[in-house]
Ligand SMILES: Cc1cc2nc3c(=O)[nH]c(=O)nc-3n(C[C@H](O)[C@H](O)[C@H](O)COP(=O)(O)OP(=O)(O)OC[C@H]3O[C@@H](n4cnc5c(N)ncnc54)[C@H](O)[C@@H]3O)c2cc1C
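A lone chain, given as structure tokens: the form predicted alone.
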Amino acid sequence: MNKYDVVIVGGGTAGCAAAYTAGKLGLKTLLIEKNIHLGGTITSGLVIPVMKSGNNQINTEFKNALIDECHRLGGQTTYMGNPAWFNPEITKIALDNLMKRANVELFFDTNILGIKIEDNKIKRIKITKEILSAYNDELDIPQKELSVSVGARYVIDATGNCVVGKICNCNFLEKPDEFQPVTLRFMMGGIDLKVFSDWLQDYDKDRNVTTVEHIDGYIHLSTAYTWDKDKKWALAPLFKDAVKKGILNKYDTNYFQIFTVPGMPDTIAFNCPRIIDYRNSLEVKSISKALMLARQNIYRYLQFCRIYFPGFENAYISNIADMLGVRVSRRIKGKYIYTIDDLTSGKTFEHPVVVSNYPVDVHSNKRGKSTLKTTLKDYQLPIESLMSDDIDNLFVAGRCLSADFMAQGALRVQGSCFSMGEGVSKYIANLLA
């Protein structure tokens, strides 16, 4: 049985940051990912860009390394002062490169089958064997066995849904009435961005909503519309007309946001549809319903854009995310439960892993009920909110952190997940020093 200093389960934003950092610090590191590539929300979920989270962030070495590597490969741009605009496909390659440089061992297409706990610590993790065929001779695994175990001094659960914590029967904080709608992002190609951007700048003069920049010979743009009445949306008449004519359902108008993609000069990424009648992100029946509903919405958006947006006449759906954008699911009970009062007061801690001023961003399925508090000062998240209260050597990183519902709504974003993963690995390295 191979034994590692740290095993990270989940190769998304938090897990990649944790693995890269642990490897660079000289720890024997294994990263286990259920998909066939890394990146999680960025790659599988098409969640771009990584939103800015203030000027005083800590634990940003991994984020900066990813920016540099994606730039080297032609899949990054700096738009609206934010250098973390990534091409999802290039990001897959960049993450492979970073893990190799950090000497991280990777197991793709691998699931957790069970966990052995002794003396309140995880000792072994049983994983599926098939993807390990290339390693079977080295590990001396009899072919008749269906699984293999790996040992770990420390484990980081970066699965988003806290899969390791669930297998370990840890305590959780979520309540049935606390949820945020999910989103299934997608992309359209075949767009004449010059025609569209010229029209868009003239149609919407509000530069807090619509921006267009020419960067290194490429057009980059963004715009949005929601059915909330908190502001006057320039695109509102188009959506209203489309609903009247049956091109869109009223349901489709709850949230609409689009961005260009680095390295894809005829493509736009869509941060929608938001599935407002979907509640349980952990139930297969609900997930399946949401996915089917979302893909129908995506097809209606295609028809809408072709009709109402100049430059979209030859547009087509080029990519639909292969995972739902889940904003909240399980939240582990940690050594410290971080609260919205901690966040709004700017409470400081001895061992912070995140410093951010990203707003409390909680989506609602009700018109006018979403929360976006944007006037926050810097706040800190302590390492204790990433420590399991039940298992001595189990940490978490990502949206499954120990926080109340509203505080998690600010900390779930990718920039903070990068910092969590990096901060946890630095803490573990100090424990092992």
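Source: prediction; values computed, not measured. Residue positions are given as counts along the sequence shown, with the first one as 1.
Omitted from view is the form predicted together with this ligand, to which the following refers.
In the model of the complex, residue 330 stays away from this ligand, with no heavy atom inside 4.5 Å. Although the partner is absent from this view, residue 183 contacts this ligand in the model of the complex, with a non-hydrogen atom inside 4.5 angstroms. The shortest heavy atom separation between residue 24 and this ligand in the model of the complex exceeds 4.5 Å. Residue contact with this ligand in the model of the complex: residue 66 places no heavy atom within 4.5 Å of it. Heavy atoms within 4.5 Å of this ligand in the model of the complex map, among the stretches 366-374, 43-51, 383-391, 56-64, onto 43-51 alone. Taking a 4.5 Å heavy atom cutoff to this ligand in the model of the complex, the contact residue among 110, 254, 87, 210 is 110. The contact with this ligand in the model of the complex, taken as any heavy atom within 4.5 Å, belongs to 326 out of 362, 326, 187, 104. Contacts between 24-38 and this ligand, taken as any heavy atom within 4.5 Å in the model of the complex, involve 32, 33, 34, 35.
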